[in-house]
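Only one chain comes next, encoded as structure tokens, the form predicted alone.
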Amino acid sequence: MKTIALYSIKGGVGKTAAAVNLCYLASLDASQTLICDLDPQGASSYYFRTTASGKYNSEKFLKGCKKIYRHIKATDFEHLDILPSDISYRNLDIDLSDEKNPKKKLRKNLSDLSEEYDYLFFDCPPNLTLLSESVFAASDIILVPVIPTTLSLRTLEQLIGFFEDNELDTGKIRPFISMEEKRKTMHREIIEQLRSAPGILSVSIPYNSEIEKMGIYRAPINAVRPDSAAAAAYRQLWSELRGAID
């Protein structure tokens, strides 16, 4: 099972949109795919028209095994399942701090899923916390959307610095350009800087109204508007990413 985290310290960078579209594309060749919505805001869960059951919460998530598996739900798309988020996830960092090996907790809890799934995607909340460190340990790839702005570029540098300071594998970090607007001079200039960043993927996701409409469609772009420029960009991104992990 290949595990891919959509992660950024900064919010509003197109992380959830990428998670939703990439996991859908991963499922199209009959690969069993699971998206795990770790953000208490539950945007991925909303896009896939799912909610956690009333008996599910962060406590059950941390217990793992059957406490998790029985709450996985099918989406409207074949070969694609979701573990929905719950608002109680806002307490995950507090709960993790009480665990014996918090940084290894996520990897341990989800290890049995490799018998059922080919791909596991994490849609992560935008911060740098104990939960983030658990995600880093559990993931094969940390896929980082970067808007071509100084603040977004700075958060990428901070993430790389955190990995280096804590002797983590920086090779897991794979940035890609998100919400690109070619008409903006600053975007073009920063993209030129980003092209030399270690591990950066070559495909850019454009700033596109179709992506904004995902909240209306409540579905991946490739499922509802496969001929759009945004859909084509996500297909290209998945193709490049799959080539890097398979």
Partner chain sequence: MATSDNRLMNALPDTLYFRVLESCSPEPAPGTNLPEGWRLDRISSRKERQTFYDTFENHAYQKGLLVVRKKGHIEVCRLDTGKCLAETAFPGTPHSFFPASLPEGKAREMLMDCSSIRAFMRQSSIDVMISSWRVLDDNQKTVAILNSESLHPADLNNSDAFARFHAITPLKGYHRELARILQALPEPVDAYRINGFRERYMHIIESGGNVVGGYSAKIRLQLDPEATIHESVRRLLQFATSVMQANEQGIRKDIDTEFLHDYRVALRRSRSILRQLMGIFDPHRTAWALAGLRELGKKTNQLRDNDVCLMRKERYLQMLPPALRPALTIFFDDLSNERRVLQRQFCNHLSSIEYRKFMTEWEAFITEEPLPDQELAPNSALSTKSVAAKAIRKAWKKVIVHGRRVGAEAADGDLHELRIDCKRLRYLLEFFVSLFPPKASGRLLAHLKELQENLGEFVDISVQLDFLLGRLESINATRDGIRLAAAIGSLTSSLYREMEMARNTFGETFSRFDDEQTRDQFDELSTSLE
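The shown structure was predicted, so the numbers you read here are calculated from the model rather than taken from an experiment. Residue numbers count along the first chain shown, from 1.
The same protein has a further form, the form predicted in complex with the partner chain, not shown here; the description that follows concerns it.
- Remark: F48 counts among the residues lining the partner chain in the model of the complex, judged by a heavy atom distance of 4.5 Å or less.
- At a distance threshold of 4.5 angstroms between non-hydrogen atoms, D76 is in contact with the partner chain in the model of the complex.
- Contact annotation: N57 falls outside 4.5 Å of the partner chain in the model of the complex, judged by heavy atom distances.
- Although the partner is absent here, R107 sits far enough away that none of its heavy atoms falls within 4.5 Å of the partner chain in the model of the complex.
- Within 4.5 Å of the partner chain in the model of the complex, a heavy atom is found for not a single one of F176, E181 and R195.
- Residue-level contacts in the model of the complex: of A137, L96, L128, I72, one residue has a heavy atom within 4.5 Å of the partner chain, and it is I72.
- Contact annotation: of the candidates Q41, N208, S31, S204, the single residue with a non-hydrogen atom within 4.5 angstroms of the partner chain in the model of the complex is S31.
- Screening 129 to 137, 154 to 162, 110 to 118, 167 to 175 for residues having heavy atoms within 4.5 Å of the partner chain in the model of the complex returns a single hit, 110 to 118.
- Taking the partner chain as positioned in the model of the complex, the only residue of 78 to 101 that brings a heavy atom within 4.5 Å of it is D81.
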